[in-house]
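We begin with a single chain expressed as structure tokens, specifically the form predicted alone.
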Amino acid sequence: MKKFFLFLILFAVSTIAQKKIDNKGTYLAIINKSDTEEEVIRKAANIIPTPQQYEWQKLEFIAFLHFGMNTFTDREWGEGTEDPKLFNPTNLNAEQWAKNLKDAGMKLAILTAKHHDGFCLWPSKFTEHSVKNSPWENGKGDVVREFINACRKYGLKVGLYLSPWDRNNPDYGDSPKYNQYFLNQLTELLTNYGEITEVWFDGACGEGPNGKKQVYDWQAYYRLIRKLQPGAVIFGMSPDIRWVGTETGYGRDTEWSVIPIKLDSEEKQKITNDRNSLDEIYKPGDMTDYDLGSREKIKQSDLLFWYPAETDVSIRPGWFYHPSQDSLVKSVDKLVDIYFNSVGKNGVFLLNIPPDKSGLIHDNDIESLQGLKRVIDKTFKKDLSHSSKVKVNDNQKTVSKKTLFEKDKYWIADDSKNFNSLEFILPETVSFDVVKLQEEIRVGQRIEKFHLEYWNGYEWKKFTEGTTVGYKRLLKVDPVKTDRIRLTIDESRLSPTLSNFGIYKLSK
């Protein structure tokens, strides 16, 4: 296997190569049977996120709010036969939701506008199974609007979940009829409430009253979303954002955003340089394997595209609020660990916080959220390597680290094997137990393997290692005390890049 070594800074006779973002990569690439392994790797290394995917990745930490009929029946999945009069929050306050999510450091919130029971949190014109037939606000209320208004007030971006599975609708299972109903509801949500950043679908599907399983028209759904909300990303059953594969919040140790898929000959004919051409051929499938994007996987594929992971988990055992789970809210330590294994493993952390029957987020949930925010803020407040000097390989010239990570610029390694390490020389001895690495994903994801060492006064000692980096990699390590750290990129797809490096002390 061909290896390329390090990283970032090009020293050509003591000079540093610094590049501005040029976005010259591609959003997708066809893999031909005649392609050599080197050609496949080159294509993979130059796949980049769309602008919408990149902006979404930068959100890092986002919220889910499961709220609806199940909140009042104390269930996770409703039957669809529930009386709308059961929905009656006594003190619904969406601003309380938004303020606490914002205070926790979240950047976007997603509301379950309709879950599998088919009950709609907005007064849909296309069903009677909605808030318009509930006693809440005398049938004049609109939870979706209150939620979105609150998000706007507190500076949160907005996402909406609309369940394709609908256990209330009599046309479910009559695929053409139900697909039109679903498109009608999507249109309501995507035209009446302003900008939507994320549209969230899961793949739940069952038989309708006619005994037939519903066939979702995903392509029609995509077309409508692209038309009505061209800036939105679609989660789950689309080629924009993929489910990480578990509901634990933990990402893979090796989390590639460049993902391969197989195509038949007809599908290949439909692919063009336009990223949206992928919408027309994409078939939602299983993306839960531990290995999704290795060299072995990509060389066996027909198409490569940027498909990042969203890692979801609930702050409670269930997704909807249950009084019996008030004492089972995840601890601060657990949430911190999930943060390091989601945001810190090239993913976006989607944490569910379900409002209770009164329409408020419970105090126990808020306490854990606030604790997580305190730890994250204190930990990453000070980069202990901020004032360091940097030496590439054994070159005796150094450069200030501050100049390496200027905004909208990145440093890229020569593709020579002679350039393989970066040494950070600190002005004083420090103790740290957290390391942060970030690639410049706007030119691709490339790092395959790296390791870190510290100088103990006599020799270099390895203290951690890893595989992929992607948008962000966070590593918790045993405490290290040193004034010199060396990062080595052992394997990479073409010349690796880096946009950030930092060391920190975990605060509790």
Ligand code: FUL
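Not measured: the values here are computed from a predicted model. Residues carry their position along the shown sequence, with the first being 1.
Form predicted together with the named molecule: not shown, discussed below.
- Put simply, of 450, 64, 56, 471 only one has a heavy atom within 4.5 Å of the named molecule in the model of the complex, and it is 64.
- Proximity to the named molecule in the model of the complex, defined as a heavy atom within 4.5 Å, singles out one entry of 204, 215, 86, 220, which is 204.
- For residue 116, a non-hydrogen atom is located within 4.5 Å of the named molecule in the model of the complex, even though that partner is not displayed.
- In the model of the complex, the named molecule stays beyond 4.5 Å of every heavy atom belonging to residue 166.
- Remark: residue 154 does not count among the residues lining the named molecule in the model of the complex, judged by a heavy atom distance of 4.5 Å or less.
- Residue contact check for residue 77: one or more of its heavy atoms lie within 4.5 Å of the named molecule in the model of the complex.
- Not one of 250, 256 and 310 is positioned with any heavy atom within 4.5 Å of the named molecule in the model of the complex.
- Figure note: of the listed segments 312 to 320, 401 to 409, 178 to 186, 374 to 382, the one touching the named molecule in the model of the complex, with heavy atoms no more than 4.5 Å away, is 312 to 320.
- For the stretch 128 to 166, the set of residues having any non-hydrogen atom within 4.5 angstroms of the named molecule in the model of the complex comprises only 161.
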